[in-house]
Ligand SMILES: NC(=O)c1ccc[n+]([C@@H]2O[C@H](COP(=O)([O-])OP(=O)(O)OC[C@H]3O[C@@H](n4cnc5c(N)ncnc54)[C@H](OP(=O)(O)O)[C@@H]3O)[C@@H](O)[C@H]2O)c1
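A lone chain, given as structure tokens: the form predicted on its own.
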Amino acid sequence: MDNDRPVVGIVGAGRAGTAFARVLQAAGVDTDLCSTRPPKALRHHVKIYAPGAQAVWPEQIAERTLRHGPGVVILAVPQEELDEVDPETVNGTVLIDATNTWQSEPLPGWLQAAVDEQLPTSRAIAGRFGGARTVKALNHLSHQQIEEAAAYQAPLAQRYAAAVATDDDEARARVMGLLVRAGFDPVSIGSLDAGRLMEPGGPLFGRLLRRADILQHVR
């Protein structure tokens, strides 16, 4: 790995997590991945599905991205498994919430309470992971669409758009910069509450969209 390359951490080595890793690696961003499996058990999987990425322990997931920028960790685990993620492992980072709620998925009590109150799930995740700054992004595209949409060599105006929602402007800027590097046209849609637009059933979910398509839904 080139020490001059930025590093991003990814929590979750499933289809979404490895798709994010492949896209970032292609764009010149190194990636660390962790899961519930120890690194030794994860390395073969990563070698196949995210070549060039590094398998690490969960407690290591923030280390290199904080040292080598941009200090970003992507949360890419099923929401039913969020209780298995120690919030302290992402302290000090910008946390991209790339998770979604599915009706058949049993949720942790703290997250189910937010769903029952009809709150955006990112609000509950921001509370759970209070040591990080939460940004909702990358969840409205499937793992197949992520790779189809990413075009880091294309001019910005010709790229597919990726929505970004957060209450933190500095974190927003950091994530939007990363998305530009990864090959997307990032579009700010407002606060974490606007993340509803990106959730399953929302107008942005599961669609390859351009900037104008997203902005027509933004108040």
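Please read these numbers as outputs of a predicted model, since none were measured by experiment. Numbers follow the displayed sequence, beginning with 1.
The same protein also has a form predicted in complex with the ligand, omitted here; what follows describes it.
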Give me the residue from L111, A149, A126, V77 that has a heavy atom within 4.5 Å of the ligand in the predicted bound form. V77
Is there a heavy atom of T36 lying 4.5 Å or less from a heavy atom of the ligand in the predicted bound form? yes
Could you tell me if A132 has a non-hydrogen atom within 4.5 Å of the ligand in the predicted bound form? no
Even though the ligand is not shown here, does L138 get within 4.5 Å of it in the predicted bound form, heavy atoms only? yes
Does G202 reach the ligand in the predicted bound form if we count a contact as any heavy atom within 4.5 Å? no
For the stretch 73 to 110, I need every residue with any heavy atom inside 4.5 Å of the ligand in the predicted bound form, listed N to C. A76, V77, P78, Q79, E81, E84, V85, A98, T99, N100, W102
